[in-house]
Structures are given as C-alpha cells and as structure tokens.
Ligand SMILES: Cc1cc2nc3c(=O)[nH]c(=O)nc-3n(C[C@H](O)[C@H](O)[C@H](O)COP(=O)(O)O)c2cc1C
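Have a look below at one chain only, the form predicted alone, in structure tokens format.
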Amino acid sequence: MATILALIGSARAWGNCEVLAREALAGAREVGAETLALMRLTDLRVEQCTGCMVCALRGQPCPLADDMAFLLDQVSRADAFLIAGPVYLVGPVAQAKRILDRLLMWSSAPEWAEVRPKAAITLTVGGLEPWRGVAIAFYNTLAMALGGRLMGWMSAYATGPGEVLLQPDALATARDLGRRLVSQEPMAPPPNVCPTCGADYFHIQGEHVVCPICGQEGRLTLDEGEPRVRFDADSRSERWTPSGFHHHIQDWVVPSGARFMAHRQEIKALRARYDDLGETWIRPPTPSL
C-alpha cells in the first residue's frame, strides 16, 4: 500500500487530534505503508453549499470556487485515509460538517457509483465523555461519504494540546487502527452501537430500531433485564457507500427537481400571503464573504 492520508480537523498544531493521527500513521508504517501525508481541514477554504442543485440536476461541476475539488482529489489519490476530529460542543467541528454538506457534488461525477470504497478510520477527541454527543457518528459518516470503508474508530478525552500523550491506552488504540488501514481487518463494533456508522442513538419503534444516520436496522431486546440493541452481524447499511449515495441522488434528489417544477407556479401564488407582513430584514455589520 502506497499512501495513507490523514485529515486533521483541528487547527491546533500538535493538538490531540494531530498526535493521534501521527500515532495511527506510525502504526500504518509498521505494517507496510510507504507514503504518509497530512492535511489540515482548517487550512482549506470550503464555502457553504448554496443549494443551487447544479451538480445534481444538471450534472455540472459545483460552481463554487474553493478547495473542495482539491480535497476530493487528494482523498481519491490516497490508498487509505483517516479523519482525526475534535468535539467542541456535542458534535463535529463546523468545517467537517460543511464538507459533508457539499458532497452532493459527487453527483456530477457518475463514475463515483463504481468507486470501490477504500480503508478508513476515524479518531475523535473530546474533553468530557458525557459531552461527546453525536460527533463519532458524523465523523464516521464523513469518512464513508468520502469513499471510505470503516476499519474502525475510537474516541479519546483530553483537553490540553498533546495531553493524550499521557494516555498509553489511547495511543495503543490509535496505533492499532493505523495498522488496520493497511491490513484492512475491521474491528468488531462495540455493543449497543450501529455497526455501520458508530451511532449510539436510535429511532425506537416497539422492538424495532433504526439508526437515523445510516438507516441500519436492528432489534431492541432485554438481556438479563438490561436493554440491548442487536444488529445482524452480517448486515451493513449501504446508504453512505459510493453506489448507495449515488442511487439516493439519482432515485430521489434528481426527480425532486421535476416535482418542484410541477408545483412552482402554485408555490409562487401561495407566497403572496406573506406580502403584507411589514417585516424588516436585519443585516449583519460584517458582509458575508
């Protein structure tokens, strides 16, 4: 295996995300990785999606002039990749979510449906475990949406820059995950966790549970009086695979354009009810970029 790419979600130089990423890269090198590369997501200029739908409805490249195409090219060139992201307040950092929001632009590349997912891992770092919120599942989703097949994920809890270096167990886990990028041996998912995306929160409908992130289905059971969420050991959701995401775009997103156009004049007429509200737009003092 030639190249392992580490995507760092934190702007901190030698912060905990970077340390864990480097530990994972060291593990990958131990078992044969030849080229190691790092990219800081916060160095990228990523504009927010405007919802213009040019990519999906017209099959044209995204019109926003920023670094998204560069990012996707770098990921496509790597043989495997990792995402190391912080948790500031119960979720992924804004840059990670902004990148995820822009990935509809894959729809302008039909060949994306034929891409074979490559090995990927995620390393999430927060301050306190009870405040980790939904970050793990979103970083895993970003990895899958970028074309990754998850070999595993981990979370660590440390506040000061590099403080995770004082946690041998966290470093050992990161190094093991790095090795899995090369060996492509996925870890066994922990109990009560979606085996596809790592979410540990579900829609519950009687004994039936559905992961809201990837759609994986399971059952809610009692094991010696303790609730357990059980999934088919051989089943994985295809929602965020290249082919699954492509089918979602073609089967639902693209037809939505025709559905809207069929009702466009009706919607325009119904908007008239708001013409006489007398509202005032409040403009921020700093113009948007």
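Residues carry their position along the shown sequence, with the first being 1. Only a predicted model underlies this, so the values are computations on that prediction, with no experimental measurement involved.
What comes next is about the form predicted together with the named molecule, which is not displayed.
The named molecule is not shown here, but in the model of the complex it comes within 4.5 Å of a heavy atom of Leu128. Looking at Gly152, you'd find every heavy atom of it more than 4.5 angstroms from the named molecule in the model of the complex.
In the model of the complex, the named molecule sits within 4.5 Å of a heavy atom belonging to Val90. At least one heavy atom of Pro161 is located within 4.5 Å of the named molecule in the model of the complex. Stretch-level contact check against the named molecule in the model of the complex with heavy atoms at 4.5 Å: of 80 to 88, 210 to 218, 165 to 173, 98 to 106, the positive one is 80 to 88.
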